[in-house]
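Only one chain is included here, represented as structure tokens and corresponding to the form predicted alone.
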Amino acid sequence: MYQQLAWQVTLILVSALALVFVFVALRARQHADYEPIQHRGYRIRTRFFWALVLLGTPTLLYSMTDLPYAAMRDRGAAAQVVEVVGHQWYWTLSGNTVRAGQPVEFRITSADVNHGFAVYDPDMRIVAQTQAMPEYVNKVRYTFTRPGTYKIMCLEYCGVAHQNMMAEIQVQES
């Protein structure tokens, strides 16, 4: 039923488009003075540009006030280090227990292909992510604020068993 409805709607829309095309083709033969319309269009475009500048500049400045982001602020603090290697189709971690409230530095690489390293909190929201690439180590620093079981999953399709590429990290109270 939906397939037939989709075909009918498509046929109606294509017919309407064809009528518009024919109308434009017939009107294109008539010569008209487009200069006033062109000037009005330029005026509208200029106003739109300045409106964007006036709205965009404060928005940009406001969004930059939070820089450097929280991950950058933790750089000076001593970090718990977790070495992570992505394989088809599992993660190996040098440790799977960390303490909340203390920065964790994940050093991530891959043994085979590119992987997307992502840490999910117990509510399954991404809290940190980066790429895991062969022969390169990416570093991600994150401070867990609450204890729990966090999942590490791959965000980049890496082969037939990609969906099984999971690990867990336990965050304990400090």
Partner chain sequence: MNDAIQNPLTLAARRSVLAYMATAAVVLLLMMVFGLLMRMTEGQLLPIGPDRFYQIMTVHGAGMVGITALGSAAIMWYFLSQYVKLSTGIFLANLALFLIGVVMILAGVFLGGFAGAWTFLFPLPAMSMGLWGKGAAALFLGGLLLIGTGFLLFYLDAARAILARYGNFANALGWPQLFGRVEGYGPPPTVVASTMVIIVDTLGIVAGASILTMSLINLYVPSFRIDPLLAKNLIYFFGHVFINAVIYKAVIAVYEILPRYTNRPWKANRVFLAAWTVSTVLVIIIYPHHLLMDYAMPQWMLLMGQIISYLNGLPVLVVTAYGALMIVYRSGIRWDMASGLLFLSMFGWTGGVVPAIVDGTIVINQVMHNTLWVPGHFHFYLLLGVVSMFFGFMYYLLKSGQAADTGLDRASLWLYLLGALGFVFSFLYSGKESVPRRYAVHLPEWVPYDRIASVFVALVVAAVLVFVARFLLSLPRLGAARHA
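Only a predicted model underlies this, so the values are computations on that prediction, with no experimental measurement involved. Numbering follows the first chain given and starts at 1. Think of the rigid core as the biggest set of C-alphas that the two forms share within 1.5 Å after superposition.
Here the subject shifts to the form predicted together with its partner chain, a form of this protein not shown in this document.
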Whether residue 88 contacts its partner chain in the model of the complex should be assessed with a 4.5 Å heavy atom distance threshold; does it?
yes
Using the partner position in the model of the complex, report whether residue 172 sits within 4.5 Å of its partner chain, counting heavy atoms only.
no
Touches its partner chain in the model of the complex: residue 134 (any heavy atom, 4.5 Å):
yes
Contact label in the model of the complex: residue 120 to its partner chain, heavy atom within 4.5 Å:
yes
Restricting to 93 to 113, the residues within 4.5 Å of its partner chain in the model of the complex through any heavy atom are 112, 113
Residue 161: Cα shift of 2 Å or greater between the shown form and the other one (core-aligned)
no
